[in-house]
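As structure tokens, one chain now follows by itself in the form predicted alone.
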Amino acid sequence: MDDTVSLKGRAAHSASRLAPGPKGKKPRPMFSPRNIMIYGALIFAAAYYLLPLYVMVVTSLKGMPEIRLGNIFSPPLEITFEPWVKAWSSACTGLNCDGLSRGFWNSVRITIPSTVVSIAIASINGYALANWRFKGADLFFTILIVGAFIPYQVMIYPIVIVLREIGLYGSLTGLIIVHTIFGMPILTLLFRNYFSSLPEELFKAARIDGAGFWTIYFKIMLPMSLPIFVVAMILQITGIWNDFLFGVVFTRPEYYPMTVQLNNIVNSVQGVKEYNVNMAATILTGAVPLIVYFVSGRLFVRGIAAGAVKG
């Protein structure tokens, strides 16, 4: 009997030792000094960037009599979309009173081909530099690196001369060429680093199977490269759509992109300064890159983390 009780006691003791218990670090309190500092900094940064956007939105929804009261932070007492309509279709920039609509379609005609062509060429360049070691590849890559950090202002005058000589100065085609060329170095760097981060065994296995340059590119590299293509797309769309300098230098008034039209509307000296129209025009101009980023932002982060900034 005593032996039975002893065995049961040992079994219970062993079971208590083997029973799973809580593991891992002790959870931190929600309002610890560390959390307060982190979330406080994040809230401050968010407020710093969101407050101007809030002012722009509420101002664009007010009429001029309400704006003259002077309280820029108060919500509109009576919401009106007339400033948005005027900013889009009838705001005046000098002799023209067609708002941002013409500049919007010019920006679309500039951004789409510039983005597609520059990404297509840069992806092929990056693929060749990463996987096909041709003679002079290191020199070519060094030139691209240098080109990526040359200030745009240094190259403006020579490019104006070149475009004038070939008859493309002041045209949309000339501006598309300029954006394509200036986007090439940094995009090539991104694609080269991304393709270098992919398993080399895939490339070698394809070569053993007899696949050539274009077969490997289209059937192996492209299907695995969606994140970096999204990164390149966001960078190009944001840079080209928000560009002002190239748009005002390399085009004529009838081909001005949206940013130049916005500048002309905001700085117009004719009549009363309509702050609600200016705010609506500013939001309309920045809407496209914001939408693109919010739609594909997760893929953007994946592309950066997957090797876009690896040396």
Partner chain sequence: MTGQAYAGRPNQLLRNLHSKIASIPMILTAVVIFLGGTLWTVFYSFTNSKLLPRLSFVGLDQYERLWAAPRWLMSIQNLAIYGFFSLIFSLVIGFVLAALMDQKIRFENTFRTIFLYPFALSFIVTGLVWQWVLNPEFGVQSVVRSLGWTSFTFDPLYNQSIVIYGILIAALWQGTGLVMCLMLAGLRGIDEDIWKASRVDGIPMWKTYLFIIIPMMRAVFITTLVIIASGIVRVYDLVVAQTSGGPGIASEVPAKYVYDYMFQAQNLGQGFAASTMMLITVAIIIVPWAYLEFGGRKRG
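None of these values were measured; they are calculated from a predicted model. Rigid core (definition): largest C-alpha set, two forms, superposition within 1.5 Å. Residue numbers count along the first chain shown, from 1.
What comes next is about the form predicted in complex with its partner chain, which is not displayed.
When contacts are defined as a non-hydrogen atom within 4.5 Å, none of Pro33, Leu226 and Val230 contacts its partner chain in the model of the complex. Contact check for Leu61: no non-hydrogen atom falls within 4.5 Å of its partner chain in the model of the complex. Under a 4.5 angstroms non-hydrogen atom cutoff, its partner chain in the model of the complex lacks Pro253 among its neighbouring residues.
Its partner chain is not shown here, and in the model of the complex it never comes within 4.5 Å of any heavy atom of Leu95. Contact check for Ser114: every heavy atom lies farther than 4.5 Å from its partner chain in the model of the complex.
Proximity to its partner chain in the model of the complex, defined as a heavy atom within 4.5 Å, holds among Ile121, Ile216, Leu198, Leu168 only for Ile121. Residues from 123 to 161 that approach its partner chain in the model of the complex with a non-hydrogen atom closer than or equal to 4.5 Å are Ile124, Asn125, Ala128, Leu129, Asn131, Trp132, Arg133, Phe134, Ala137, Asp138, Phe140, Phe141, Thr142, Ile143, Leu144, Gly147, Ala148, Phe149, Ile150, Pro151, Tyr152, Gln153, Val154, Met155, Ile156, Tyr157, Pro158, Ile159, Val160, Ile161, in the order they occur in the chain. After superposition on the rigid core, displacement of the C-alpha of Tyr54 between the shown form and the other one stays below 2 Å.
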